[in-house]
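This document starts with one chain, in the form predicted on its own, laid out as structure tokens.
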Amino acid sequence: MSIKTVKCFIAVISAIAFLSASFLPGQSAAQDQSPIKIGGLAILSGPLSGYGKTGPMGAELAVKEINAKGGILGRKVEYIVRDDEAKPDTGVRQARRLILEDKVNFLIGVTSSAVLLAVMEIAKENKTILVGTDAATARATGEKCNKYFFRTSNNAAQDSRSAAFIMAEKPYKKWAVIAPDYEYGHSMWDNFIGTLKKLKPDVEVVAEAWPKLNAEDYSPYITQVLQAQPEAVFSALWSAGNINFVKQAKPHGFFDKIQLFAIGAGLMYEVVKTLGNEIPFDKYWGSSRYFPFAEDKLIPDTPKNREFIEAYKAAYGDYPEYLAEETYAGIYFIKAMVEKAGSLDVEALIKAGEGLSFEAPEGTKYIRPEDHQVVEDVVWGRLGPSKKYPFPALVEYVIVPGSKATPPVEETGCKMQ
């Protein structure tokens, strides 16, 4: 072999090595300057769209902040959002479109629990990490858990378990439930009443009312509950459903006789702002994933929380809904996960996400390695007229630590795969 031939051979080998390195899966994110794509799924049409659009608003605010500071590992972030219409078949179709056509690196969002369970299968099938920021079914990080799904918001078990600890200290023994008749409503109630009965065995369930999601007429259910004469009612109605129920229940004298515990959406900003002083303050306790507006201070009263609220108000001219904060936090979880992994290799990202703690406006969020469920505090409280905000604020509240609100891993049914 001549010297010229040897030089040509070495040049060809070098070129092949260079090209191979450029296209190896799991290459360093720092070597690639293309945007990191995050695909959002949200309710952008129909009666829940007013609330649904706040998730993308939070995501876009986070992406704007991250890009202004140089992106993630030097790469810009691109957020693409699709309307899942709160329907599982639409959610599946849009998730496939985001993964296969838009070539996103991550999926984020999803409000409906039914949609989430369907989309989780698509994410798993395509080995794409899905970050859940709203849908609360406990099954997603329980019996249906898989390694491609992380949840950075509370699930039904945490919300309900925290409620049970608080309600067990109260005198009520005769309970009723009103909740939307689908995965979310049943998951909330099952977790709540199961825990409450363990803590207080003499509790009695006297009525169960299951209207469909987004029902407009609650009068038959109000009558059913009143006839059963409960002392307290557990409500998992949310958004417009919770607003309509409270407005329709008041003329029946519902709140003259019964204490309402509205989980999840009870302190939803949309609900509090819309109902205003129509809220029966003495007979209404609620919770939310994020409602920091107490009359005495922010919850938590941290610089990060204050900065987020001011940035959101500056961008959109309103206070943030919990979904905006949760999706904002979800984007920052992705940032922390990528920076810890140092690449977009999916297996490295999964390893980086497990056990990760990060700061969000609502406080520290810790991702439990065994089931990928966030562990964080849960706030329950009672509202009253406010001199500080243009809507009612918390005048009495209880903060249940995340370690107490979160069921042990062995009770979740999760077998991570």
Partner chain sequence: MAFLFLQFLNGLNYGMVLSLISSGLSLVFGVLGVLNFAHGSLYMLGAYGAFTFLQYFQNLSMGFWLALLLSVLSVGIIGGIIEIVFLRPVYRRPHAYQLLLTYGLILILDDLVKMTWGTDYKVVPKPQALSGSVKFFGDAYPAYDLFIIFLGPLVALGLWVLVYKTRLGMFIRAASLDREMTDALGINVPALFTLVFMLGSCLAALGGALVGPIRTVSPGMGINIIIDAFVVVIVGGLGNLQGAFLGSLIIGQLESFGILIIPRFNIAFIFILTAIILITRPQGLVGKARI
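Quick caveat, the model's predicted, so the values are computed rather than measured. Numbering follows the first chain given and starts at 1.
Below, we turn to the form predicted together with the partner chain, even though it does not appear here.
The partner chain in the model of the complex comes within 4.5 Å of no heavy atom belonging to W189. Within 4.5 Å of any heavy atom of the partner chain in the model of the complex lies no heavy atom of V81. The partner chain is not drawn, but in the model of the complex it has a heavy atom within 4.5 Å of Q224. Within this chain, W210 lines the site of the partner chain in the model of the complex, having a heavy atom no more than 4.5 Å away. Only one segment in the set 343-351, 216-224, 330-338, 141-149 has any non-hydrogen atom within 4.5 angstroms of the partner chain in the model of the complex, and it is 216-224. Remark: none of the three candidate residues (P88, T90 and T412) comes within 4.5 Å of the partner chain in the model of the complex, counting heavy atoms only. When the partner chain is considered in the model of the complex, only one residue from T302, Q259, Q248, N126 comes within 4.5 Å through any heavy atom, namely Q248. Proximity to the partner chain in the model of the complex, defined as a heavy atom within 4.5 Å, holds among S239, T137, N105, T195 only for S239. Contacts between stretch 146-165 and the partner chain, counted in the model of the complex as any heavy atom lying within 4.5 Å, involve no residue at all.
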